[in-house]
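The chain that follows stands alone, in the form predicted on its own, written as structure tokens.
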């Protein structure tokens, strides 16, 4: 029996309940089963005004959000998984432009999932940050 699918509208509605997702003004772009999250550039996201470079916390949050959203789609219901642990590699400074992120589920168990996510700005093949994380999967009937 396959899991029921989550629509883009349901996913978008669920993410509007996450305060930091609202603060970052993220946008979800779901095409088929491929989800991209876009974080539009705003001046208040700059962490180092001398470069200028995006704040690492905003990049980390973007990566965690795309990982959770991707798992939500894979599970087939709108219950958000819980973060167990994440490691973020900051590969280069984020420039003052829109930033994109995608995630790939590397292991999906009954209770725990492993995810790899990357954020980029100009070329997907040239990421500015990457996440490896483990997430506790929630059950469809849990609240």
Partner chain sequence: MTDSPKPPDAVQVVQVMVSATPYARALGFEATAVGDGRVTMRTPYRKDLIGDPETGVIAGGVITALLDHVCGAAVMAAMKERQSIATLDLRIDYLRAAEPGRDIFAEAHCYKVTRSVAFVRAVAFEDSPENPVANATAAFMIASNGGRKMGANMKPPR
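Keep in mind the model is a prediction, meaning the values are calculated, not measured. Positions refer to the first chain, counted from 1. So that the term is clear: the rigid core is the largest set of C-alpha atoms that superpose within 1.5 Å between two forms.
Omitted from view is the form predicted in complex with its partner chain, to which the following refers.
> Taking its partner chain in the predicted complex as the reference, which of 38, 30, 53, 105 has a non-hydrogen atom within 4.5 Å?
Replying inline: Among 38, 30, 53, 105, a heavy atom within 4.5 Å of its partner chain in the predicted complex occurs only for 53.
>> Taking 4.5 angstroms as the heavy atom distance cut-off, pick the stretch from 30-38, 108-116, 82-90, 66-74 that is near its partner chain in the predicted complex.
In response: Heavy atoms within 4.5 Å of its partner chain in the predicted complex occur in 82-90.
> Applying a 4.5 Å heavy atom distance criterion, does residue 11 contact its partner chain in the predicted complex?
Replying inline: No - in the predicted complex, heavy atoms of residue 11 and its partner chain never come within 4.5 Å of each other.
>> in the predicted complex, is there a heavy atom of its partner chain that lies within 4.5 Å of any heavy atom of residue 45, even though the partner is absent here?
In response: Within the cut-off, so yes.
> Judged by heavy atom distances of 4.5 Å or less, which residues of 54-70 approach its partner chain in the predicted complex?
Replying inline: If the 4.5 Å heavy-atom criterion is applied to its partner chain in the predicted complex, 54-70 yields 55, 56, 57, 58, 60, 61, 64.
> residue 11: with the rigid core matched between this form and the one not shown, does its Cα shift 2 Å or more?
Replying inline: After core superposition, the C-alpha of residue 11 moves less than 2 Å between this form and the one not shown.
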